[in-house]
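Taking the form predicted alone, here's one chain by itself in structure tokens.
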Amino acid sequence: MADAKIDLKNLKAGGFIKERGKDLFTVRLRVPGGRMSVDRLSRIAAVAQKYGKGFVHLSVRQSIELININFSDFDAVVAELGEDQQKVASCGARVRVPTACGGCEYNPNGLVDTQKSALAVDEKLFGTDTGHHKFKVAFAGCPFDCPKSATNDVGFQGGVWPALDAAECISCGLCDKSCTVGALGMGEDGKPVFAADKCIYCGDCLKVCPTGAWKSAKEGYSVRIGGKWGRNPLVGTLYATFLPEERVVDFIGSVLAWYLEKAKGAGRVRIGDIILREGTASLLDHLRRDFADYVLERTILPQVIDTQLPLR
């Protein structure tokens, strides 16, 4: 089949990406949160062996991509993958498959259930047409931010706000030693002194406390908006803290509504560039209507990452 007869844009939107070879495509599979069963993985391997060149590509966004798939084999590939179990991903100006770390299920640093959040977003928002550009979402279970959530259009990072029950504290100093950001010190009375402005919500003090004197006052997601990678990277701006896990989908929906409104007539543009143009106040005001308990009073513009090569 000649390339001229193939609607490449429509195919790419459906997860079929044109390769260099004639009639050859990469088929991007939908793997929300980067997790799948071993049985499913075996099925994918068999399909890749039969229709591709016997290997797959693991993308940086946790998807599995089948390489060198001939256009004429698309129907067979989809059928043998089992469409009801294994969906093909989406490209183009749409909400992409969310990425996530392991969360709190088995990761000792995890503070929230990122896998549950990623599946909820994938179910409710995957493939939503933004009308302008790709829209990426990522979930990190703690401030280590292994999935690099801050370079996504909306990035979620699990956190906990510590509170000390002084009556249960035995002045062991373990919390002070565990705090790597200087948010804790030991006072003259032998009790921990908390510098709230330095806390990054990692919860390490709770984990090491032998008596449970440090407790979780509140927990949830810190949310950064406007991040992106590529030729002109941005680090997302912090807009909300301790957003409950059950409000993630609604929060993203609100961000998308603002993006669609403000990007009218702007062409192919990411939300981070709209924030640079509009400033942060507009989005803050918009989010505050439904998320006043979590949205910050003020914030700063996205941080531009300088990737320009030095002149020789």
Partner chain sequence: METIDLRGVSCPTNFVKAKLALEDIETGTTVEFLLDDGEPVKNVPRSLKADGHKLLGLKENGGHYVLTLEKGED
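The structure presented is a predicted model; accordingly, all values stated were derived computationally and were not measured. Residue numbers count along the first chain shown, from 1.
Note that the form predicted together with the partner chain isn't included here; everything after this is about it.
(request) Please check if Thr211 has a heavy atom lying within 4.5 Å of any heavy atom of the partner chain in the predicted bound form. (result) Yes, Thr211 lies within 4.5 Å of the partner chain in the predicted bound form.
(message) So in the predicted bound form, is the partner chain close enough to Ala217 to count as touching (4.5 Å, heavy atoms)?
(response) Close contact is absent here: in the predicted bound form, Ala217 is far from the partner chain, nothing within 4.5 Å, heavy atoms only.
(message) When the contact criterion is heavy atoms within 4.5 Å, does Lys177 count as touching the partner chain in the predicted bound form?
(response) Within the cut-off, so yes.
(message) Since only the chain is shown here, I'm wondering whether Leu119 would be in contact with the partner chain in the predicted bound form (any heavy atom pair within 4.5 Å).
(response) No, no contact at 4.5 Å.
(request) Have a look at Thr241, Ser171, Thr128, Asn107 for me and say which one sits with a heavy atom within 4.5 Å of the partner chain in the predicted bound form. (result) After the contact test, the surviving option is Ser171.
(request) Name the residue from Lys124, Arg94, Lys148, Lys207 that puts a heavy atom within 4.5 Å of the partner chain in the predicted bound form. (result) Checked against the cut-off, the match is Lys207.
(message) Which is the contacting stretch out of 177 to 185, 148 to 156, 222 to 230, 192 to 200, given heavy atoms within 4.5 Å of the partner chain in the predicted bound form?
(response) That would be stretch 177 to 185.
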